[in-house]
Each structure stands twice: as C-alpha cells, then as structure tokens.
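There is one chain below, alone, in structure tokens, taken in the form predicted alone.
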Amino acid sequence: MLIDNPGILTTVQDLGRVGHRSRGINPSGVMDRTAAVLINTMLGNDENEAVLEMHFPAPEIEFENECSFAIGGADFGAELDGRAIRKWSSFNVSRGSVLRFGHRTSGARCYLAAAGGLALGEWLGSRSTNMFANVGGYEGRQLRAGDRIGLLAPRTTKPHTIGPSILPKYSRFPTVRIDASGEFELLTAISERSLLSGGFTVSIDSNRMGYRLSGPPLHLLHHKEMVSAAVTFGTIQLLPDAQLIVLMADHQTAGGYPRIANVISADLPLLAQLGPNDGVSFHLVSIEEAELLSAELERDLCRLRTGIRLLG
C-alpha cells in the first residue's frame, strides 16, 4: 500500500504490547479494540493482526497488490475509486485502486485491515506504534506521504458484511459503564452523585494517552498521600484541579492521582470514538456484571469467527 496523502494522524497498531509493564513499557495498541478485531476477523486474519488507525482528515491510499481489505470504526465517508463504500464490509481491489475518505459523519477513529496482514517487523512482540519512544509500527512514527507498507501474504476473500447486532453502539454522548476503583469510597457524597448523574465533556487537551474531561468538580473526603500505583486503559483519575482524566491506549504504566473508577472493557470502544467536545456520562456496575458483559462480547466474536470460517 502506498500512502499518497497521510492524513492528520495515521499509525500502525495492533492489540498492544503485553507483558512489559513491569519494565515501564506501556502497551499502546488500537484505541478501539472491537473495531480492529471485527475487521480482522471478517478477513480471516488473526484478531491481533496490525491495522491502520486513522483520524480525520484521513489518508489517501493506493493499493499496489490485488487483495481484500475492510474498514470499521468511525464513518469517514470512504470511497474506493470514486465509489462510496460501507464500513464493516470487506472488498476486493485490483492493483492501482485508490481509497479516499471524503467527510466525517461520525466517530473519531477509522480502521483499515488487509487480508494477509501488514508486512512490518515486531518490537517486543507487537507491531503497535509507540510514538513517545519512536519504536514499533512504521519506523516508530505516524505515516507520511510516500511511505509504502507491504502485505505479508496478499490474498482476496469472499466479501462479507457484519450485521448490526454485534457492532458497538457508538454515540457522541454515550453512557459508559464503570466499576469502582481504589479511591472511589473517598469521594464525598455530593461528588459521587455528580460523577454518576452528571455529564462530562471531552476537552481539546485530549489524545491517545488520556482524555481530560470537563464537568462538575469532584472532591475527596480528605487529602490522601498517594503512592504511584498501576493504571490501565480505562482508569479514571481525579486530578488536583478537581477534574477527571480517563487513561487511554497510550497510558503510562503507573500514576499517583486517585483512581476512582475503571471503564469496563466492553465499553472502551465507545470512549475510543469520542473527540473534543463530545460528551460522556457514567453508570456504576459491579465487577461481576463487567465480567459477564466481557464474556458476552467474546461469545459474539466467537460466533462471528465460526460464521466466517463456514462461509469461506
């Protein structure tokens, strides 16, 4: 694939670099894991195969091999050789075909996978780009005009479309489920009510490392001396200015701010598709409920994998 125009921020990502947090190496990886898994599954790829994560304005890409590809996540008005195409569907292309994105209808991040996978080397078992360390992905950086990404084993597949029942329910103001974390019980009663009944806005000072939220000020019952502790994708921390930050895919491995909650894994894709000035509200669930929702999503994905294999 030749990158004719790189767009505003296009990187190579997979499901992340696992097993290295004890050495201070964060996982990175896609922001919307469900979108990446779905389009890879549709193409018969391993779910951890690398994809392109694109923001709008999105890239212009020329295919240099006959192959199949699929797009998912945000709707950026994809066009293949000038013809509008749908997301959550796979397509066969000829050498010389060009993929463009004309307008953003919804969402913040669109994903592209190619059948057979992207031909890029791994760093610590992952092809994800870590732009802070300049490693992984394509030379550890976002893509530029003229970059070429080869395919490991280019092939065409039977076209598929994913039905709506399994797709994330994206929204510009989703209600995201959370479970209580270490310092949740230290919130004042008023702050707890504000957290669970109010709305928060994603600020412009947000990125792949974390979303800063603007909303009602939250306070603890008393100041607590904090020792840095482990954090993860979805950890919600209370900052000194009484506002919240939700850690995202490029989060650090440890943090010293109070950890009041965690976004459940099943709802992280809803956060991943938010941009500046979008809103979010929170609903508290138990850990048991969070585990059941995660298991339900995995069952749906297993059914999809089975269906794709049976259809060929």
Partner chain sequence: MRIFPLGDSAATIEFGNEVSVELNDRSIALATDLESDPFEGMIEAVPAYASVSIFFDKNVTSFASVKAILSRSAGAAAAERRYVSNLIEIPIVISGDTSADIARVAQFADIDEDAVLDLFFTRTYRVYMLGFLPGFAYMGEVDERIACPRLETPRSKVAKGSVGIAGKQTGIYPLESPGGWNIIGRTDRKMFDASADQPCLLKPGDEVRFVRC
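All values reported here derive from a predicted model rather than from experimental measurement. Residue numbers count along the first chain shown, from 1.
Omitted from view is the form predicted together with the partner chain, to which the following refers.
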### Query
Here the chain is shown alone; which of Leu112, Val231, Ala115, Ala74 has a heavy atom within 4.5 Å of the partner chain in the predicted bound form?
Val231
### Query
Which one, Lys158, Arg95, Lys169, Lys224, lies within 4.5 Å of the partner chain in the predicted bound form by heavy atoms?
Lys224
### Task
Tell me the stretch among 36-44, 59-67, 251-259, 275-283 that has any heavy atom within 4.5 angstroms of the partner chain in the predicted bound form.
251-259
### Task
Decide whether Ile85 counts as a contact residue for the partner chain in the predicted bound form under a heavy atom distance cut-off of 4.5 Å.
no
### Message
Although the partner isn't part of this model, could you tell me whether Ser265 comes within 4.5 Å of the partner chain in the predicted bound form, counting any heavy atom of the residue?
### Response
yes
### Query
Arg303 near the partner chain in the predicted bound form, any heavy atom under 4.5 Å?
no
### Task
Considering only heavy atoms, tell me if Phe91 and the partner chain come within 4.5 Å of each other in the predicted bound form.
no
### Query
With the partner absent here, would Gly19, Thr235 and Glu298 each sit within 4.5 Å of the partner chain in the predicted bound form, counting heavy atoms only?
yes
### Query
Which residues, if any, of 161-199 lie within 4.5 Å of the partner chain in the predicted bound form when only heavy atoms count?
Asp179, Ala180, Ser181, Gly182, Glu183
